[in-house]
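Form predicted alone, single chain, as structure tokens, below.
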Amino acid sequence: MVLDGIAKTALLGVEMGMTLVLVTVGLTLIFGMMDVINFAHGSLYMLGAYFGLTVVSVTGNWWAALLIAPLLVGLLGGLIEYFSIRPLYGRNPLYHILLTFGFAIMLHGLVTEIWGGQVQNISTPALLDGSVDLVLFSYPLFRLFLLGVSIAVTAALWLAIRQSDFGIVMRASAHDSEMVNALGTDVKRVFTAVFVLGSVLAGLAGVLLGTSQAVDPGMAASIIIQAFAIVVIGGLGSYRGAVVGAFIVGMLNAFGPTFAPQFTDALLYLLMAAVLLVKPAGLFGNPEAT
């Protein structure tokens, strides 16, 4: 039935969108807090997938990979921020772009050298194998788990930013870092924590998507293009914009190949151009920043 196909495609779009949130939120938090355009974010996502692949191959435990791989990516992200990005705060953003772009190239080369360039897969855990009947159609259990994790992490992060003490410090640092420093909080440590958080989210998305799709060195480039498009559509530095933009792009990725297969690759850029023509700051961006 047509209704079955539409409902299944819509659920796929929600799933794809919420998974993209995990990558995009980290990217937009880093930019909103630190004014750093992190071109290496897609490479951190890729490393999450490869770290997960290695942990699963060594231990045979997918759940261990889900825990360990994001933490390893977060550790690497913290080292990158502390030793290379931190000395460039306050300088022209072009320095950050060139630096993180260089990291992206270097990490791509390292991954290809260590793991090879072939497509690989992370085995789905037995507990999440199979499918579930959802009245109109059946849907893979792992994809439902992926959707649930993405929603839970997005909601928890939003609550943390709005309600927790650290979230208050984050928002204050983004608006007036000098005042926060004067009040006794080390803003540089806050920046490092935000960069680590964004890296952990990227690594988590890498493990999840590496399991549901595939793992290869090209995954970094494909995800970073979508992530930057989502940030532009939603508005630079806007958490709400990142979530809404990811949801829109997820739906576009799901329905595009069905209704406009010949324009699938162009739809994302057409949408981005249309949004920028109407709202140059993005859907939820700050117009004063443009």
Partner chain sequence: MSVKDIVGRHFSAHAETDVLSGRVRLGLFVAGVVAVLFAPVAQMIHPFWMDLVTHMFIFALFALSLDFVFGYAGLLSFGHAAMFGAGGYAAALLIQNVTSSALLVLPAAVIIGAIVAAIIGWLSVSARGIYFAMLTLAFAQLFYTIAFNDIPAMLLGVDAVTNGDNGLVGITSLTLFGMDTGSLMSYYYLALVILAGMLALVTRLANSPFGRVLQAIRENEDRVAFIGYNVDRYKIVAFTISGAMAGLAGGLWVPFNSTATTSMLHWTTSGELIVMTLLGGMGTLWGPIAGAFLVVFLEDSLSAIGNWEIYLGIVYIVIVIFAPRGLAGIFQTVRSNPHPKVLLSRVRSALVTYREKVFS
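Residue numbers count along the first chain shown, from 1. In this text the structure is predicted, and so the values were computed from the model without any measurement. The term rigid core refers to the most C-alpha atoms you can superpose between the two forms while keeping them within 1.5 Å.
The same protein also exists as the form predicted together with its partner chain; that form is not shown, yet it is the one meant from here on.
Visitor: Looking at W115, W158, Y95, F137, which has any heavy atom no more than 4.5 Å from its partner chain in the predicted bound form?
Guide: That would be Y95.
Visitor: Out of the stretches listed (64-72, 51-59, 256-264, 241-249), which one is close to its partner chain in the predicted bound form, meaning heavy atoms within 4.5 Å?
Guide: Flagged stretch: 256-264.
Visitor: Would I105 count as a contact of its partner chain in the predicted bound form, using a 4.5 angstroms cut-off between non-hydrogen atoms?
Guide: Answer yes; at least one heavy atom of I105 falls within 4.5 Å of its partner chain in the predicted bound form.
Visitor: With a cut-off of 4.5 Å between heavy atoms, is G148 one of the residues that contacts its partner chain in the predicted bound form?
Guide: No - in the predicted bound form, heavy atoms of G148 and its partner chain never come within 4.5 Å of each other.
Visitor: Is R91 a contact residue for its partner chain in the predicted bound form, using a 4.5 Å heavy atom cut-off?
Guide: Residue-level check for R91: yes, a contact with its partner chain.
Visitor: Mark V232 yes when one of its heavy atoms lies within 4.5 Å of a heavy atom of its partner chain in the predicted bound form, and no otherwise.
Guide: Looking in the predicted bound form, residue contacts with its partner chain include V232, since a heavy atom lies within 4.5 Å.
Visitor: Note that its partner chain is not shown here; using its position in the predicted bound form, name the residues of 268-285 with a heavy atom within 4.5 Å of it, in sequence order.
Guide: In sequence order, Y269, L270, M272, A273, L276, L277, P280 come within 4.5 Å of the partner.
Visitor: Taking 2 Å as the cut-off, check whether the CA of A10 shifts that much or more between this form and the one not shown after a rigid core fit.
Guide: No, A10 moves less than 2 Å.
Visitor: Does L276 count as moved between this form and the one not shown, where moved means a C-alpha shift of 2 angstroms or more after fitting the rigid core?
Guide: Result for L276: yes, a 2 Å-plus shift.
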